[in-house]
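Just the one chain here, the form predicted on its own, laid out as structure tokens.
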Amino acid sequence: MELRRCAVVWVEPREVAHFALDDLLAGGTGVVSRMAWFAHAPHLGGAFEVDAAAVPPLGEVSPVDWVPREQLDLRFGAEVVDALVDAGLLLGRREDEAVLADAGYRVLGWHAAAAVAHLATRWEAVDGPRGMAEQGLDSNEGLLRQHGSPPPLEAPAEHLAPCVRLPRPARDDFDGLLDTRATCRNFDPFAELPLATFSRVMARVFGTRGVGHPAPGFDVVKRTSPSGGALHPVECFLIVQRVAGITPGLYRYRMDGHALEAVVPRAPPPCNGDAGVRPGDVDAQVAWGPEALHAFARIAVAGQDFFADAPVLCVLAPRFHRNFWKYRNHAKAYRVCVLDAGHLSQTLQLCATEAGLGPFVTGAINEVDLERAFGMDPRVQSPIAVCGFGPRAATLRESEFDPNRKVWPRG
């Protein structure tokens, strides 16, 4: 039998703490810590604790060349090799799950550090507001008490560097649109979005404005937002709750035909109060009802209830190989995918505002739960942000940052 190391693995020394009653009763703090090693392997989608004895082979076994198992046993010990094989960090030639996942990862063109960062920072079943409240960080006073004053808005000017004053620009209608854009935290939970309005926003943000053919078999498109190499890897998946003429459900926006493709959920329907989406039998799944959709919307935005009430939530999820096909193993390729999502979210904000709707965008999302429901492989495609839009409520329940009173009237 021959083995080699997986394509990429990063080893992290981490201090792990846990509560120990014996330590507390003995006069200690009750918190006991230890140092541990964790292996981050993108093809496995997470970090795994490994023994210290497993660290040397991870640094010495080639990810390319095959080595007889007997040599590794003699050098590192059979038990260590067995543990690394069981974890999927040392791989044989047989086609098991770990070997296939590693082979799939190798062809995608990920930059190693970006892959580790992407997979290590995804959330699952996180309730952001609850976590902030438990830490006492759910108010400005709590933040100031624990962290002190924030850094200034701008770094102080250099004493020897004079400032060049710029002329004040004349205001026009576009300035009014920019000033009216404000993150909406007060959606009308019953209002239905007109189909024509929904269609116009989707076309302006995610639709194609032109198609190019720079080479045979290579098509690029123009959107209203820029994209590295005109590749536009970010797709829009939708949680549609209240749009006239559209059955509530999960969808994928097709830019090629300005259409919605229904997505059958790959998980059981969540219930109100669920922290995450449970894995389930794909073949047994059916469309979710309105209550399950709203519960899923809350999960998607990590417990931010004020965003979950939006009639439409847009999940911005790049297909990474669309970008990495050109920028293979490139240190900036993943960053460009993130930039693409940011460009689209800002265009959505302005288009929704122009339509008289409230918009939002958030990066506090449960990527793993979204991947599970939409059937995404996180190495191939994964959410970067969630946006939404819809009619605002008649009254202000949750605070919104609208200092110039462009959205909410005074009084």
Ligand SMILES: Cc1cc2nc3c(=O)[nH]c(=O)nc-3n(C[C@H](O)[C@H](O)[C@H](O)COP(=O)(O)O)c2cc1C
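Everything numeric in this text was worked out from a predicted model, so none of it was measured. Heads up: residue numbers just count along the shown sequence, starting at 1.
Beyond what is shown, the protein has a form predicted in complex with the ligand; the following relates to that form.
With the partner left out here, the ligand still marks one of 77-85, 287-295, 109-117, 177-185 in the model of the complex; by a 4.5 Å heavy atom cut-off that stretch is 177-185. This chain is drawn without the ligand; in the model of the complex, the residue among V55, V32, V67, A364 with a heavy atom within 4.5 Å of it is A364. Of the candidates F306, Y105, F320, F237, F306 is the one whose heavy atoms come within 4.5 Å of the ligand in the model of the complex; the others do not. Among heavy atoms of F401, some come within 4.5 Å of the ligand in the model of the complex.
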